[in-house]
Ligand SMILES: Nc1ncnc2c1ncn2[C@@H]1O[C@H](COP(=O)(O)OP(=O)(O)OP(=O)(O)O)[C@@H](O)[C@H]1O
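Just one chain follows, in the form predicted on its own, and it is written as structure tokens.
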Amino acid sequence: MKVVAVYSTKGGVGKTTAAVNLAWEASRDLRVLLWDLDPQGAATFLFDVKPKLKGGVDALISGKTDAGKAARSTAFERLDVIPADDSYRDLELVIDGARKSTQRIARVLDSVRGDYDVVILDCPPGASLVAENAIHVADVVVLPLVPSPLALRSLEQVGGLVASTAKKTPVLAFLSMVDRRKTAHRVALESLSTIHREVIDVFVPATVVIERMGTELAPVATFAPTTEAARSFAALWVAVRRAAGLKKSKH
């Protein structure tokens, strides 16, 4: 089982959009669990899963609730979600109060290691103990970057967090919400991937098709499979899969 953490220190960069679409792409031939770690619960909403966790996240982190029992099925085959509810607002405190606090998410996932091929973590933004946990367990960290002067700062911040861990998890960054009508965005597309080895040449466009996810309650490729956005997420998954060392499943 491989773990992919979709994470940024900055909010509003298309993180959950990427996590949801990567989960669907992965589920085409792998058993996938998406764990919504963000208190906003956007991934839970987009997969139309009831945002209720028995005993709250405290029971899950403490081991009183098994991750397999917390997982909810979605409308898509081979794709389950551990939903985020209101209790996730206290996730940082719950993890901080647990023993071996940087390994709590890893311990929760140990119980489903034989049930899924890949776990995708939709992490909350910011530098936090939740982020440390995600980086600790991840086989690759996927970082969305909006083409702006702050993009490099996010890259540096995430790189610094990863460097501070013993595991040194690889970071795979991509440009998100790209509008090629803007000069700064075009410059970022042409330069970032050549200057910074973590930034791949796959990018996700800014488009109303992605905004439609909120009304369709589904990943882009399920309702607009021929669009540039759908092709971008498919290409992104190919890169993530390679970085995580995932092979095709026999399931």
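Start at 1 and count along the sequence shown; that's the residue number. Everything numeric here is computed off the predicted structure, so don't read it as measured data.
Note that the form predicted in complex with this ligand isn't included here; everything after this is about it.
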| said: By the heavy atom within 4.5 Å rule, which residue out of 70, 49, 199, 204 makes contact with this ligand in the predicted complex? | reply: 204
| message | Which residue, 29, 66, 216, 211, is the contact with this ligand in the predicted complex, using a 4.5 Å heavy atom cutoff? | response | 211
| Might residue 125 be said to contact this ligand in the predicted complex, defining contact as any heavy atom within 4.5 Å? | yes
| query | Using heavy atoms and a 4.5 Å limit, would one call residue 232 a contact residue for this ligand in the predicted complex? | reply | no
| query | Hey, in the predicted complex, is residue 62 touching this ligand, heavy atoms inside 4.5 Å? | reply | no
| field | is_contact(residue 22, this ligand) in the predicted complex, heavy atom dist at most 4.5 Å | value | no
| field | Stretch 2-41 - residues with a heavy atom within 4.5 Å of this ligand in the predicted complex | value | 10, 11, 12, 13, 14, 15, 16, 17, 38, 40
